[in-house]
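Next up is one chain by itself, shown in structure tokens, the form predicted alone.
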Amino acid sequence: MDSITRRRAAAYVCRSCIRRTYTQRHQRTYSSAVQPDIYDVVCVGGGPAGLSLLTALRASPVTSHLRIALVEAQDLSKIQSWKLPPDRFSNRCSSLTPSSALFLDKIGAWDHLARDRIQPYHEMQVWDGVSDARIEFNWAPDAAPSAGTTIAYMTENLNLTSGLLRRLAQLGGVSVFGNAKVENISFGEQTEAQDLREWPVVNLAGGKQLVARLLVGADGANSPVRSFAGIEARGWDYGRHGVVATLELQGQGWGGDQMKTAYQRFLPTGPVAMLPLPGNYSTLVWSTTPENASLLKRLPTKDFVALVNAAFQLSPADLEFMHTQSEGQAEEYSWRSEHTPFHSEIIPQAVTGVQEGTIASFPLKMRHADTYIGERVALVGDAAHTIHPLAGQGLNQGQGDVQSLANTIEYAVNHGQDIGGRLSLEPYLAERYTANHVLMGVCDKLHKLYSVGSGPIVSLRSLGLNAVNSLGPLKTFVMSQAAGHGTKVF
């Protein structure tokens, strides 16, 4: 069996490596005490990006023969069997564009997700918390794309990862190392069989060694793979925290279960968004100061609910005052809402409760790697870039990376190229880097633009928001880009 494995691995070694092996065969060699396993692709990280990539490679007839390994620190068996009652939802949810959903369907993963926990939404209300200038993202009857009127699908991250794990188990052929700690990543050695001195070796706790023809870093913002490759990630912290929670609403939305709407209001401290889940539930993503986030997490439920309702209804000045109170926000909101005129159906239905244990926060930052590739290394998802959550595009960027890298590997295999060579990986970098950089720049500038609470900038941004809202073709184009329809600009 070992001889078969060696022949299979050698079949994909680049010609220069083979030549070096033969010319050095009679030179002095050495080998380690632990015999390493050689794989075509080793992916470190079992989140949505890593699992999607391996599923895509296994699902394609062109790449299904590749020897693949997955390394993940968590217990993947627990994630694969994850299940919650119908009236309970995880607080970490993501927005999947129709384009991302089509990719998941193409690789056979979409049907393995719990479909009753996926909520499409068809409209989005976005407005300026200072001036109340508003843009309504809804498809005109004659402008809806052939793919449908869905803007995005909301689902829990655990629903996505568990579905991908079930699809991967169905496909088989992946060596999974769960509950595995990566001790370090180094380069291989020269042996009598072959020279692996330029191949990455993932050293696991317990002594297991995985040699990678291509090492994929899907291991998050603090990526050990990126550090091994010597790739810098540059950016900045926003000085803001994202507060998340699972909310219970008064009803299923103004449009009922068949016409769900997402809401986002830009406040000087950061945007607050309420995104629909099945039934009368929604997920909250509120970007605010660390001090405000700390207050929100320690408030009693009734005061937390009052502040969330106030965030979509009251003025920034009212909200600022309510954040100075250590308690009593429910009574304060009740009094102030009676004296604040508003149109109820252009804001979310009232929040009536929050699911226990779902209020949490995390720091917001922007990071972009200098490159996504190195010799025998590729980065995807958060290992390559982290983005402000205001556009809900973080997971979709990762899915775009995965789709591009899978296509790049498939092309290399079809044309007899070394899948780990930098030259073979260049098309992936060319396709994804600029597109991601532009989107990250847009989100960063929007965050900074709407952080201004007064002055001429407020008037100018409000004028622009109203102009886009009144120009149907432009608004349709923006929606098509956000949903992944039509021609890509970058």
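Small disclaimer: the values here were computed from a predicted structure and weren't measured. Throughout, we count residues from 1 along the sequence that is shown.
Keep in mind that the form predicted together with a small molecule is missing from the display, and what follows is about it.
The small molecule in the model of the complex comes within 4.5 Å of no heavy atom belonging to T352. Residue contact with the small molecule in the model of the complex: R92 places a heavy atom within 4.5 Å of it. Looking at V244, you'd find a heavy atom of it within 4.5 angstroms of the small molecule in the model of the complex.
At the 4.5 Å threshold, heavy atoms of F362 reach the small molecule in the model of the complex.
You can rule out all but one of 102 to 110, 216 to 224, 296 to 304, 344 to 352: in the model of the complex, only 216 to 224 has residues with a heavy atom within 4.5 Å of the small molecule. Contact here is defined as any heavy atom lying within 4.5 Å of the small molecule in the model of the complex, and by that definition not a single one of A56, G400 and E431 is a contact residue. Checking L319, V182, A229, V130 for any heavy atom within 4.5 Å of the small molecule in the model of the complex turns up a single hit: V182.
In summary, among the residues S81, S334, Q74, T324, the only one with a non-hydrogen atom within 4.5 Å of the small molecule in the model of the complex is Q74.
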